[in-house]
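Consider the single chain below, provided in structure tokens and representing the form predicted on its own.
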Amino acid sequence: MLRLLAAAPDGLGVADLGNALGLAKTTVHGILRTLHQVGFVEQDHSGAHYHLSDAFGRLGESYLDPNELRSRAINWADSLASRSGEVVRVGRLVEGKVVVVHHVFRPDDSDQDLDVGTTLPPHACALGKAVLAFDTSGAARPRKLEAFTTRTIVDPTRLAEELASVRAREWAAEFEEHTVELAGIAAPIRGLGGLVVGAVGLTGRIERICDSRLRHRPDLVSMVRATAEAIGRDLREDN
């Protein structure tokens, strides 16, 4: 139920949730009442729709220790870097910034700097958009959308449309939005209850991440999504 509500920023009604979950309206209403009592969901002004509360949206920043996220992600992220040949990062949203908690170098002999602990602007990178898309309260969205390149999304309406697309397809993309000549792909990592607690993604030169028509390569998208699901599965099984 929480996962359905996370994917519906405008909220869902009891009938919508019942149909999606195959549950009776009375059962759905009882679950919603409990979630409302603990502060996880709120009703809109009409009382007809429910949506996740701001407090629930902030749980992703606080309930999971970053060291636990990193420890669960290490093997999967290393494998993704090996198979894709690209830089892989795992990040989480903290106070409106993406903090890199794990970084795997591109598997070649080039000089590279370790990014663990650095921050990234969430609106300008795939890692950030993969998390922001599921912050239905909008509380974590940057108030000022700073431009880093000519392709950075700086219009709030356009960013909202981009995040809606991310929610629909369950992965995020970037194309020269933070750094010229680089592209990226990321997917959300879901912990208990479907709560998005971070994201895993890869970045590299456009000619390696995109095809000849400048579309993000489907094989890399599949790799990233499978990695995110594997990390999330480990988190859920161990909690």
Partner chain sequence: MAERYVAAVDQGTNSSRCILFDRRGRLVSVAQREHRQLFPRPGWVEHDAEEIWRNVTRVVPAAVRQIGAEPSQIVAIGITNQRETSLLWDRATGRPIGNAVVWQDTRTDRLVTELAGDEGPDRFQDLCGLPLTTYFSAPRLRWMLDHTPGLRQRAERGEVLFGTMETWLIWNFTGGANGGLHVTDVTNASRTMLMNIETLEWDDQLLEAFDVPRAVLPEIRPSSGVFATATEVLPGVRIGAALGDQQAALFGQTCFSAGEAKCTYGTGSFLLLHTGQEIVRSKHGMLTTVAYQIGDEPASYALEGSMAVTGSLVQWFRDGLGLIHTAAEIETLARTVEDNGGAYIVPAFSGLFAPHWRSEARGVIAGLTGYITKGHLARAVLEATGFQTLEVVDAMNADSGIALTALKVDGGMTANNLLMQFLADLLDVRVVRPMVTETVSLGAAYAAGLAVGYWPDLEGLRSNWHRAGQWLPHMDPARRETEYANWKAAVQRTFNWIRPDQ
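Please read these numbers as outputs of a predicted model, since none were measured by experiment. Numbering follows the first chain given and starts at 1.
Although it is not shown, the form predicted in complex with its partner chain is what the next lines describe.
*Asks:* Asp111: heavy atom within 4.5 Å of its partner chain in the predicted complex?
*Replies:* Yes, Asp111 sits close enough to its partner chain in the predicted complex that at least one of its heavy atoms falls within 4.5 Å.
*Asks:* Mark Asn67 yes when one of its heavy atoms lies within 4.5 Å of a heavy atom of its partner chain in the predicted complex, and no otherwise.
*Replies:* Close contact exists here: in the predicted complex, Asn67 approaches its partner chain to within 4.5 Å, heavy atoms only.
*Asks:* Although its partner chain is absent from this view, report whether Trp76 comes within 4.5 Å of it in the predicted complex, heavy atoms only.
*Replies:* Yes, contact at 4.5 Å.
*Asks:* Is Val116 part of the interface with its partner chain in the predicted complex - any heavy atom within 4.5 Å?
*Replies:* Judged by the heavy-atom cut-off of 4.5 Å, Val116 is in contact with its partner chain in the predicted complex.
*Asks:* So, Arg83, Pro107 and Arg233: all three within 4.5 Å of its partner chain in the predicted complex by heavy atoms, or not?
*Replies:* All three within 4.5 Å in the predicted complex.
*Asks:* Only one of 160 to 168, 67 to 75, 119 to 127, 144 to 152 gets a heavy atom within 4.5 Å of its partner chain in the predicted complex; which is it?
*Replies:* Within 4.5 Å of the partner lies stretch 67 to 75.
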